[in-house]
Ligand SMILES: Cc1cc2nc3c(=O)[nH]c(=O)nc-3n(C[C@H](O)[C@H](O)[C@H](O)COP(=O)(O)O)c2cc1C
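Presented below, as C-alpha cells, is a lone chain in the form predicted alone.
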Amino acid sequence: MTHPIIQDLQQRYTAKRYDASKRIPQDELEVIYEALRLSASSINSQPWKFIVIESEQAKQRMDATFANKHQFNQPHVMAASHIILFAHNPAYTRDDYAKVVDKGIADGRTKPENREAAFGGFAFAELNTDANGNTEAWTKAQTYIALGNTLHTLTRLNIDSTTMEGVDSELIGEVFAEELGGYKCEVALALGYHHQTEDYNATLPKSRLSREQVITIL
C-alpha cells in the first residue's frame, strides 16, 4: 500500500542506538511540542505533563535515575537528542477538569452560561476514581494516546525514537520532583537520529501479525 500514513507506519521502528552528534532542529521540536499539546484524551481531560530533557545538566539528572534498574535504556539518555517524560496526574479532580472547562470557554468552545453543564463529562472521571481518590489507571492510559500521536509525528519528521517503559518511576519522581509537581512518570521517549552502524534494529524487516489475526470485520 502506498498511502503516506501506511508508509510512515512501515518506516517507523524502535531505535536501539543513537548518534550523539545529531540534534533535532528547533523548528521541528516546535512541531513535536504542538503535536503533544493537541493530543486527544478522554473527556479532553489532558491529565498530563510532558517534561522535555534537553540540556546536558538535565540529561545528567535523568542518567542518575538508572542507578538501580533498567540500565539497558540508560545509553539513550546521553546519546539521543531529547528525552520526553510522559507524566500523568494520579489524583485527577474536579478542580483539574475546571481548568479544561474554563479554557474551553476562553476558546469559544463553551458558552460561559453553560459552564456548569460542561462538567457533565467529569462523571466519567469519577467512574475511574477509586475510594482513595486515585485515578492513575485512567490518567496513565491517556498518556499513551499522546505517546502514539508523538510516535507518528516523529516518523513524519524522519526522527527516530525509542519508547522506554523501562524507567525507574520512583527515582524519576525524586530527581524531577519539582518539575513533576505530584505527577507520575512511568514511560519516557527518547528521540533523535539513529547511529548508522550501531543501530542493529534499523535494517531488520518489520514484523506484525497478519490483518486476519488482529482485525475482525462484522
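Quick caveat: nothing in here was measured; it's all calculated off a predicted structure. Residue numbers run from 1 along the displayed sequence.
Keep in mind that the form predicted together with this ligand is not shown, yet the notes after this line are about it.
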In the predicted bound form, which of the stretches 68-76, 86-94, 106-114, 128-136 has residues with heavy atoms within 4.5 Å of this ligand?
-> 68-76
If we test each of E174, E34, E165, E54 for a heavy atom within 4.5 Å of this ligand in the predicted bound form, the one that passes is E165
Answer for T14 alone: is it within 4.5 Å of this ligand in the predicted bound form, judged on heavy atom distances?
-> yes
Flag S21 as yes or no: does it have a non-hydrogen atom within 4.5 angstroms of any non-hydrogen atom of this ligand in the predicted bound form?
-> no
In the predicted bound form, does Y144 have a heavy atom within 4.5 Å of this ligand?
-> yes
Can you name the residues of 193-210 that have a heavy atom within 4.5 Å of this ligand in the predicted bound form?
-> N201, K206, R208
